[in-house]
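In the form predicted alone, a lone chain appears below as structure tokens.
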């Protein structure tokens, strides 16, 4: 990521607000037109956030897997696969269009800046903001722990081989081990944060001030315009299908 990119330096609260605007706009309709327009706009501004498309694809691979899994499930359990194709396309586009702004926002935001912006600009409680920061910092540790769990089992000779049932059983067992470790770490971290007075209610100072300026407001306004354009094109094309109604 290039910090000098025009949108990468925007206030983290503004990035989250822009992502929320697009999300709310795209969940009100079931058609594929609105998310297609929004997705095209989102992909067009990726370079303005200082991201390369290859980097974005590597960060969004869980999203790709989830979308493919959802589409495949629709086809496998549909009685009329030709009729479900349009619904599957609309679902895939909507999932991409809704999730991509969040992926971009978090990929271009420093965790500490996010916590500061949530408190200073969004006026969220300090306990929630610091907890969000701690959770974000701990996410990379989950991947490392998963790797260590698998290496430890391999060192003990635990291997499922080509047996799919055994592979599934080992996966569930490793996932449970990872969950237990994450809960224990979270409990210790919460106790440590309380011991350091993060929830004392005393006034706090900030090393880095987060300002919400005209450029940040323009980012949110741009998201509103993109959302409005996507819905307007959907209505004009006669494809708009409200979620409720």
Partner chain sequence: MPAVRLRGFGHRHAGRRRWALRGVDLDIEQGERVALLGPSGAGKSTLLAALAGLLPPESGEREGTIEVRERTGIVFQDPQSQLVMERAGDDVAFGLENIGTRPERIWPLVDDALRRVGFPYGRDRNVAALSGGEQQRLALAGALVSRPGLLLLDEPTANLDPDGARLVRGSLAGLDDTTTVIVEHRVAELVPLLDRVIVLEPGGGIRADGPPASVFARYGDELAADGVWVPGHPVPALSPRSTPGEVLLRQDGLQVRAAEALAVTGPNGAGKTTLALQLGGLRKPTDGLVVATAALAGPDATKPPHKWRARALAGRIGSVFQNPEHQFVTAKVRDELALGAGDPARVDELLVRLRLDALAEANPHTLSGGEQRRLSVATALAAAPRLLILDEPTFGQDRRTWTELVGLLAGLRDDGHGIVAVTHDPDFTAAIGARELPLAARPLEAVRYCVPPGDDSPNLRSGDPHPYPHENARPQPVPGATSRGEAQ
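We call the rigid core whatever largest set of C-alpha positions still superposes within 1.5 Å between the two forms. Given the structure is predicted, the values throughout are model-derived calculations rather than measurements. Numbering follows the first chain given and starts at 1.
The following text describes the form predicted together with the partner chain, which does not appear among the structures shown.
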If contact means any heavy atom within 4.5 Å, which of 34-42, 215-223, 66-74, 176-184 contacts the partner chain in the predicted bound form?
-> 176-184
4.5 Å heavy atom contact with the partner chain in the predicted bound form for all of 111, 202 and 208 = yes
Which one of 138, 107, 84, 91 is close to the partner chain in the predicted bound form, taking close to mean a heavy atom within 4.5 Å?
-> 138
Does at least one non-hydrogen atom of residue 168 fall within 4.5 angstroms of the partner chain in the predicted bound form?
-> no
Even though the partner chain is not shown here, does residue 127 get within 4.5 Å of it in the predicted bound form, heavy atoms only?
-> no
Does at least one non-hydrogen atom of residue 30 fall within 4.5 angstroms of the partner chain in the predicted bound form?
-> no
Heavy atom of residue 99 within 4.5 Å of the partner chain in the predicted bound form = no
Any residue of 213-238 with a heavy atom within 4.5 Å of the partner chain in the predicted bound form counts; write them all down in order.
-> none
Rigid core fitted, is the C-alpha displacement of residue 59 between this form and the one not shown 2 Å or more?
-> no
Taking the rigid core as reference, does residue 191 move its C-alpha 2 Å or further between this form and the one not shown?
-> yes
Comparing between this form and the one not shown on the rigid core: C-alpha of residue 150 shifted by 2 Å or more?
-> yes
